[in-house]
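Let's start with one chain on its own, the form predicted on its own, as structure tokens.
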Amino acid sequence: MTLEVRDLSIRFGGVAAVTNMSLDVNAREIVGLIGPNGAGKTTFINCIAGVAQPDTGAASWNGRAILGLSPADLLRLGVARTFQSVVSLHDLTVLDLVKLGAAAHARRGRGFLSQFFGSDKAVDEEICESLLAPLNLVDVANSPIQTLSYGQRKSVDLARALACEPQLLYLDEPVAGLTFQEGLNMGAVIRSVRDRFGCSVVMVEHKMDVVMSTCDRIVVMAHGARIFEGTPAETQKDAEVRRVYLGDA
């Protein structure tokens, strides 16, 4: 299972947001996508996640062309995502929101939820054990989303995406709003998710301690283009990366 993106570009008016961006993600690999604010990271993810339509380029998942497909179409191919900004759905509890993700998967006759239809209690118990417990959300399972902290809402968004049992997972700043220790814990959860589902992960993130401890490979963007690709250790040592992103003079 591989993601291949070639020469993707998108402009907004006269501004080039992403220019000739290419990316490969191998099976069961966690790839970090980093860069300064405005580098084009989220725009790039939006293009390959069915939210934005690039001007040029190509992308495929497991050999299937994916540019132009809707998020719902991509979900049917096993592609799910989380979002940079978490919107409160005031009428939903944590369990409600995660069930939305699980139901989308179960309607296709797959996923753990499909075997529990007819027993709400069994569904809730399975979700709590499989998805909420690793993210420390069991105690707030029946709480309305708007009562949670921002960091907890980010965790709920991840649980919702995981309920789809993705084969390819896009994470947009998954540890934003979390404390240092919470961020490291989330990184460990992401690696356990990769091991559990056997999925590939593309993670946009600014917190470098989490990126370095979580990702197998790192791609650095600046001004809409890729400027570096390598292991976490190689990324930390590269002079251009340190100058552009890590702040070295």
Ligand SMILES: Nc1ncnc2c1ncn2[C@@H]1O[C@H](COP(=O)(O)OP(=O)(O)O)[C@@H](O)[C@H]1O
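Position 1 is the first residue in the sequence shown; the rest follow in order. Here the structure is a predicted model, which means the values were calculated and not measured.
From this point on, the text means the form predicted in complex with the named molecule, which you will not see here.
**Q.** Non-hydrogen atom contact Val25 with the named molecule in the predicted complex at 4.5 angstroms
**A.** Looking in the predicted complex, residue contacts with the named molecule do not include Val25, since no heavy atom lies within 4.5 Å.
Q) Would Ser200 count as touching the named molecule in the predicted complex under a 4.5 Å heavy atom rule? A) Heavy-atom contact with the named molecule at 4.5 Å: absent for Ser200.
Q. Are any of the heavy atoms in Val241 no more than 4.5 Å from a heavy atom of the named molecule in the predicted complex?
A. Judged by the heavy-atom cut-off of 4.5 Å, Val241 is well away from the named molecule in the predicted complex.
Q) Even though the named molecule is not shown here, does Ala39 get within 4.5 Å of it in the predicted complex, heavy atoms only? A) Flag for Ala39 set to yes.
Q. Exactly one stretch in 211 to 219, 29 to 37, 191 to 199, 53 to 61 has heavy atoms within 4.5 Å of the named molecule in the predicted complex; which is it?
A. Comparing against the named molecule in the predicted complex, the contact stretch is 29 to 37.
Q.
Using a 4.5 Å cut-off on any heavy atom, which residues of 170 to 209 would contact the named molecule in the predicted complex?
A. Residues within 4.5 Å: none in this stretch.
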